[in-house]
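Okay, here we've got a single chain as structure tokens, the form predicted on its own, with questions on binding and movement later.
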Amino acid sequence: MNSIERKNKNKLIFYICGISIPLLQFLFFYVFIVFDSILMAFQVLDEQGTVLGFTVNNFVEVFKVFLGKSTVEKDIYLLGVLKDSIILFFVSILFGSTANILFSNYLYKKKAGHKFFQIVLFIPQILSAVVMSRVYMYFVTQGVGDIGALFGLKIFSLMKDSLSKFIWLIVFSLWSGFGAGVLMYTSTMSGIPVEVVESAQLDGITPFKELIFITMPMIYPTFVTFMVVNVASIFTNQMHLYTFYGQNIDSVGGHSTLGYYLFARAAMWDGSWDKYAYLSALGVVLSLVAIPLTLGTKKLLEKVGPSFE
């Protein structure tokens, strides 16, 4: 074996060693778990986790829970939970994405106070989510009252009922994810050729038209990525509810998301295994809806979007 063959062999061994660890992680922690979850959706399990047989009754139970006719999940009406998940999605698109782009453009143009806004927007990314949730919860429940008292005003908790609680939790969800979106959009905007912008400015383009006709087409692939991620997370976004309330679903106050419901129910260990078959079936049903919806959204946005060439 000559030196070239030995060198190529050493490269191959190094490559195999390097790729084997992430490949094994992918196989054991994703492929195996997904396959086992799909299989579990068709299983009948006793309280000890022993497989007693196979059935489609788990899927029947899923649709019963959605319609509020389940004998297992008596207090859960998943159509209401689905509605809250869809509301969170549209609010994230209409307000979250719009604010992300506008603030990113503000930072990209280095307007007054852009350094201050960078710090404020990235605080949730720097501090622990648990710390942020505790500070936020104190502020909307007691902090506003303390601030109002300084000015002789009597302000009650901003989360006094289920609707206001849901609204302020959406606000926290949008704020906590704001920094990552702004970082991605700002980074993409920084790649816009300076010559294109300067040429348009010499022609007298306004800042608004520059955003619409130059910036947006240039960052459109990033916008599509965020849209696709938002669609894919409709059934998995837990709106940080587990951080606020843990497994205590009843504390949410009537509003929840499918992501939180799945996470909390799976984490709520009650000594039995039979519930996991139902949760697996629910996950399969949601995946059958989410996969074509996500791929269809991606294809549609790529088809109707502007050209950035």
Partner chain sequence: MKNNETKMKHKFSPFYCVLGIVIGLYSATIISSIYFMFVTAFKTQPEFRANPLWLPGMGRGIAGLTFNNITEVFTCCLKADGIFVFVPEMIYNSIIYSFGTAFFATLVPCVMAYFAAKFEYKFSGLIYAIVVAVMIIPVVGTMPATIRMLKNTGLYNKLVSAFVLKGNFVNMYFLVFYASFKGVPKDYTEAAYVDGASELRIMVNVIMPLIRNAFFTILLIFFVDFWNDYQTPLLYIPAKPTIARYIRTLSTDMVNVYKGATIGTGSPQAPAKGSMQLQMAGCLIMAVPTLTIFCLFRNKLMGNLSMGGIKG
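In this text the structure is predicted, and so the values were computed from the model without any measurement. Numbering follows the first chain given and starts at 1. Heads up, when I say rigid core I mean the largest set of C-alphas that superpose within 1.5 Å between the two forms.
Omitted from view is the form predicted together with its partner chain, to which the following refers.
Taken together, N58, I87 and S97 are entirely out of contact with its partner chain in the predicted bound form: none brings a heavy atom within 4.5 Å.
Remark: E195 counts among the residues lining its partner chain in the predicted bound form, judged by a heavy atom distance of 4.5 Å or less. Using a 4.5 angstroms limit between non-hydrogen atoms, A290 touches its partner chain in the predicted bound form. Interface residue remark: D36 is counted as part of the site for its partner chain in the predicted bound form, having a heavy atom within 4.5 Å. Contact check for V91: no non-hydrogen atom falls within 4.5 Å of its partner chain in the predicted bound form. Shown here without its partner chain, the chain has K11, L12, F14, Y15, G18, I19, P22, L23, Q25, F26, F28, F29, Y30, F32, I33, V34, D36, S37 in 10 to 38 lying with a heavy atom within 4.5 Å of that partner in the predicted bound form. Once both forms are fitted on their rigid core, the CA atom of V60 lies less than 2 Å apart between this form and the one not shown. With the core held fixed, the Cα of L24 is displaced between this form and the one not shown by 2 Å or more. The Cα shift for I13 between this form and the one not shown, taken after rigid core superposition, is 2 angstroms or larger.
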